[in-house]
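First comes one chain, alone, set out as structure tokens in the form predicted on its own.
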Amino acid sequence: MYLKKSKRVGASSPLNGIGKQDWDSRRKRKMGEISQALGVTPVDVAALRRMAISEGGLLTDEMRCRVWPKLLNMNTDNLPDKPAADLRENHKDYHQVLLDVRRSLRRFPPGMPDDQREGLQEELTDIILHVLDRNPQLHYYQGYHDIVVTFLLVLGERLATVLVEKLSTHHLRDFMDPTMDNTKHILNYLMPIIERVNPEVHDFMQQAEVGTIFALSWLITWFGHVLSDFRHVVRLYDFFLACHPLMPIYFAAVIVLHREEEVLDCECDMASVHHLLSQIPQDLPYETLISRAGDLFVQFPPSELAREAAQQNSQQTAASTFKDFELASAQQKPDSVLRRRRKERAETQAQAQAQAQAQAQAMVVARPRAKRLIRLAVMGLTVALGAAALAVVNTALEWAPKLDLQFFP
């Protein structure tokens, strides 16, 4: 593959201020540990997950070709043949897939010869249609090709086809439903995570009524659509493949939290905050954020957030907020939209407070912010990477053998 020869991918340079000589030594040692985990029978999947999560990830495309199938519990002995030529003519999604693939030029390495890129685009189309044809319960969505092209560039067509099919029927399954209901449910985990770590940012975003639509493309493409450096994309894929399927939403949360000052300095209105957050910086400290996302997963596991995610008010859902955003953008009068929304919210909150006061006379059920802050102080805002990685790996191993179960509550 083109990328394999060019050495474009993988963590090939010093990270987080580590000296080159020290990093080269650590890199060599880590390559040996990955090879050792691959060489035992049965393969040490827990060790491979730790390697994928820890600093630098899996390092090279060659190593990803060997490890990614193991992380998905895939047998690569019998790879599928190339799809039949008539699949394109007969498939209902062919024209939409073709349009998206033609728009995917930026996902290929700069300077790649046109004929090579065009050949890869043909393979990309074939992979997508093959997976959809074999799994009629799956529905194509715009952005799916951004995930598939990453696997194609790293693994080649035949191996990518197998892994993408497994990924589509498990990790990505909720994005491929006929409606966006499950996708919106996953996005609803974002604000509870932010609230637990930084209530000020959470309250600011709530006041701006920005919702979570800004993170939609991050989530459904595993950040492949929004990051320009392919090395960062495959590093995140190492991390996500080794972890619980909800890890991308934790990573989305740490990006928002990392930009705390920018958010709080922004005008507190929907259009301004949405514009800021949707423009993802390209110079993020990825290793630090990966470690932080693992920490937050340990501190606030999905089971703890599930009830809040399910109970979020419909006015705060991505779809509802986006309608307001579209209206504000079209009319260029965001203030009038926000005033109307705030009035409606105030009426709703007044009714809720009256009901809460009546219930409080019989029973006190409260989770004051002070308790939350005390809990954070006791636990600490960060956990050593080793402990976090171990906990994330253990969680991943709990669900990995049961991939046919429902992922999200």
Partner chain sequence: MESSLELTTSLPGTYPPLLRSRIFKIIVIGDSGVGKTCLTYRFCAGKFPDKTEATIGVDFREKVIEINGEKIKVQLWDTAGQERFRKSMVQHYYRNVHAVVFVYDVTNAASFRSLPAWIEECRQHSLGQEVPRILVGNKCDLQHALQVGTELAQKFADSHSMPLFETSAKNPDDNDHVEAIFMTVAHKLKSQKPLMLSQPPGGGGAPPLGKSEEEEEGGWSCNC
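Please read all numbers here as calculations on a predicted model, not as lab measurements. Positions refer to the first chain, counted from 1.
This next part talks about the form predicted together with its partner chain, which is not shown.
In short, of 163 to 171, 301 to 309, 285 to 293, 184 to 192 it is 184 to 192 that has heavy atoms within 4.5 Å of its partner chain in the model of the complex.
The closest non-hydrogen atom of residue 145 lies within 4.5 Å of its partner chain in the model of the complex.
Proximity of residue 179 to its partner chain in the model of the complex falls within the 4.5 Å heavy atom cutoff. In the model of the complex, residue 220 approaches its partner chain with a heavy atom inside 4.5 Å. Its partner chain is not shown here, and in the model of the complex it never comes within 4.5 Å of any heavy atom of residue 123.
Between its partner chain and the residues 130, 225, 91, 232, the one pair within 4.5 Å by heavy atoms in the model of the complex involves 225. Contact annotation: of the candidates 271, 263, 280, 246, the single residue with a non-hydrogen atom within 4.5 angstroms of its partner chain in the model of the complex is 271. Contact check at 4.5 Å (heavy atoms) against its partner chain in the model of the complex: none of 34, 75 and 158 pass. Contacts between stretch 228 to 267 and its partner chain, counted in the model of the complex as any heavy atom lying within 4.5 Å, involve 267 alone.
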